[in-house]
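Here you get one chain, nothing else, as structure tokens; it is the form predicted on its own.
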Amino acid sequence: MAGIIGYGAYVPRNRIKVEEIAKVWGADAPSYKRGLMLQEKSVPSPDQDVITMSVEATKHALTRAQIDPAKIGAVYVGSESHPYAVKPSGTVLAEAIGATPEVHCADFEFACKAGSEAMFVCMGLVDSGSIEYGLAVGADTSQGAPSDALEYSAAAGAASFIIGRDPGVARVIDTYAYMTDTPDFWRRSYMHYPRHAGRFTGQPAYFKHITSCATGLMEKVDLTPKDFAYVVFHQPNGKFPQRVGKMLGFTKEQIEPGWLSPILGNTYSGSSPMGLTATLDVAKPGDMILMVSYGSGAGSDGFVFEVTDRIDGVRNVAPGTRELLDKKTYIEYGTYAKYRRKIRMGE
């Protein structure tokens, strides 16, 4: 049975508060704080990108996995902000961690579910016996146009998972996928920032796909919300995961350990995977965890995990996700605009 052997996260130190963005554009900051439950978000420095964050998160995952990286047979990086349009992120990551040249690498894209997509494929390869270990990463330096609603949430972070067979920290009980052609969010070639369909991104997109995926998976494994200790959903803002959890019958207590977006923002491909890392930081042996991602375009991947006894021996050997979130330096909008290249000259 495939499972998570090791996990890790990475969050840039820089933060910008919702009020700092709102005052530049004359927006109503309290509406974002109350309505979308957002307080601040992470911001990458100029020398940080999907590859550097993936390397840092994977170092933590390898520390917990306690395996030789030369045994990793596949390295998959899911992101919608790969540094290069034509050049893989995975090969850089593989070489940085000491994988062999025989490793299979690929970059994944599916809006905000590219990270869970990489996990899904790694689990299949491990289950089939094609590889001993696989590395799946969800990471993004998310884009949001100046003054757009996305600018208040688009953040940066990475989550990394070493997938293998038992003994792991969490067994994969089953998986499920739900996809439709729903154009709620997109970015064409040569566009700096994505566009979205406003309120359309809610009910026919996010909520339909997550509820359909979660319901289908729970029926498949014959479990109900009461059977789970924790649940993790994609987090485009603070409000949506709480609302969809209530729709499905989950409690606030089941959601909160992995509910990071109010103080992290939306890390796109890293969103639900980072929520899973934070949940594993507090989970106990025997706990059942449901994770459902969401990616615009549109689709959801669902996973049921059962935490094993090994979790107690490895969780504290690397920094926890909320521990990383507590290390922060606040910046002003001018610095944020420079770091994120909001001002473009000579292009």
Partner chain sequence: MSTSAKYWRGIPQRYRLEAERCASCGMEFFPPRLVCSGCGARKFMPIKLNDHGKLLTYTVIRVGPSEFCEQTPYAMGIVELDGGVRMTAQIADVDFDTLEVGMPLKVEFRKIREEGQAGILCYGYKFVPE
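This one's a predicted model, so the numbers in the text were calculated from it and none came from an experiment. Positions refer to the first chain, counted from 1.
Keep in mind that the form predicted in complex with the partner chain is missing from the display, and what follows is about it.
Candidate site S45, T52 and E95: all three near the partner chain in the predicted complex by heavy atom within 4.5 Å: Yes, each of S45, T52 and E95 comes within 4.5 Å of the partner chain in the predicted complex.
One stretch from 274-282, 296-304, 56-64, 310-318 that, in the predicted complex, holds residues within 4.5 Å of the partner chain by heavy atom: Of the options, only 56-64 has residues within 4.5 Å of the partner.
Contacting member of G249, P183, P83, P167, with respect to the partner chain in the predicted complex [4.5 Å, heavy atom]: Going through each option in turn, the one that passes is P83.
The partner chain contact in the predicted complex: R13, any heavy atom under 4.5 Å: Because a heavy atom of R13 falls inside 4.5 Å of the partner chain in the predicted complex, the answer is yes.
4.5 Å heavy atom contact, K338 to the partner chain in the predicted complex: Contact check for K338: yes, within 4.5 Å of the partner chain in the predicted complex.
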